[in-house]
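In the block that follows, a single chain appears as structure tokens, in the form predicted alone.
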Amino acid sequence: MGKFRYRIQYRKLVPFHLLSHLDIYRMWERAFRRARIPVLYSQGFNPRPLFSFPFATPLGIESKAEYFEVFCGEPIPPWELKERLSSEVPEELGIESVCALASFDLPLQKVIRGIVYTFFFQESFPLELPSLPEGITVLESREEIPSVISFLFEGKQMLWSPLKLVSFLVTECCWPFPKRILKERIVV
């Protein structure tokens, strides 16, 4: 039996942004089972599917750029894998892309350089950008209503929750609390 690795990008939109990482893991485990995709399992007393989720998005944050890698027991064309899995999950958790990986391809957590989060504010306010913690930069801002600001988290700050930045902006800079936070993309 062979070992074939795939990288899957999916979205996690309302209301599924309130599911925990463990719930998402179980949901994908069931989706693979229902789609009859031959996932490889770990060895031992309690075998688990060979899934790898590089960076869990915090609870309550929507995302268009969720990723995980999976090992399958037989080769499946990426388009077929996408089609079979898409029929098993709700549209708000839909698959954006599937990519077949070679054995020498590095895992996503080794090649990722940054994560882009977009903050949506309900009202417009005077945009005075504070000095942000090292590793966080503003990519884009629009002062229309609602105000929209995109931040790039790089280096050690990639592991920082965007909610930590919200806390900093609200307490240190007197910004309003964002009504929505969206993980837009990853930078490799």
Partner chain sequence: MDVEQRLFSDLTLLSVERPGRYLGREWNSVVKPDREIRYTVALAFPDIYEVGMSHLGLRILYGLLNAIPGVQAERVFLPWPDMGRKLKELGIPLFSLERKKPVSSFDLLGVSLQHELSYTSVLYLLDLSGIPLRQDERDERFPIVLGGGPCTMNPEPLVPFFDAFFIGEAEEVLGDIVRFLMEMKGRKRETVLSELSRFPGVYVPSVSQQVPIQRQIVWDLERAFFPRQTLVPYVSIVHDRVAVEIARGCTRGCRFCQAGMIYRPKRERSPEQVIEIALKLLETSGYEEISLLSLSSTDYSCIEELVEKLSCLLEPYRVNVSLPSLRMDTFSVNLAKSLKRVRKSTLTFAPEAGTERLRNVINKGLRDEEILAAAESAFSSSWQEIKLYFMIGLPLEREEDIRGIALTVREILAVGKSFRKDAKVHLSIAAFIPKPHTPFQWVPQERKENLQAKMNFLKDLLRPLGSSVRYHWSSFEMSQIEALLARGDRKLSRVIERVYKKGGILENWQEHFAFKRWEEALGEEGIDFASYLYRERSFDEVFPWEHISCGVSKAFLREEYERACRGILGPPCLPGGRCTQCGVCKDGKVSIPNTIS
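These figures come from a predicted structure and were not determined experimentally. Numbering follows the first chain given and starts at 1.
The following text describes the form predicted together with its partner chain, which does not appear among the structures shown.
The contact with its partner chain in the predicted complex, taken as any heavy atom within 4.5 Å, belongs to G60 out of P133, G155, G60, P130. Contact check for R5, P162 and L165: none of the three has a heavy atom within 4.5 Å of its partner chain in the predicted complex. Within this chain, V170 is remote from the site of its partner chain in the predicted complex, having no heavy atom within 4.5 Å. Not displayed here, its partner chain is kept clear of C174 by more than 4.5 Å at the level of heavy atoms in the predicted complex. Although the partner is absent here, S103 lies well away from its partner chain in the predicted complex, with no heavy atom inside 4.5 Å. With a 4.5 Å cutoff on heavy atoms, P107 does not count as touching its partner chain in the predicted complex; it lies far away. In the predicted complex, the residues of 159-185 lying within 4.5 Å of its partner chain by at least one heavy atom are, in order, L163, F177, P178, K179, R180, I181.
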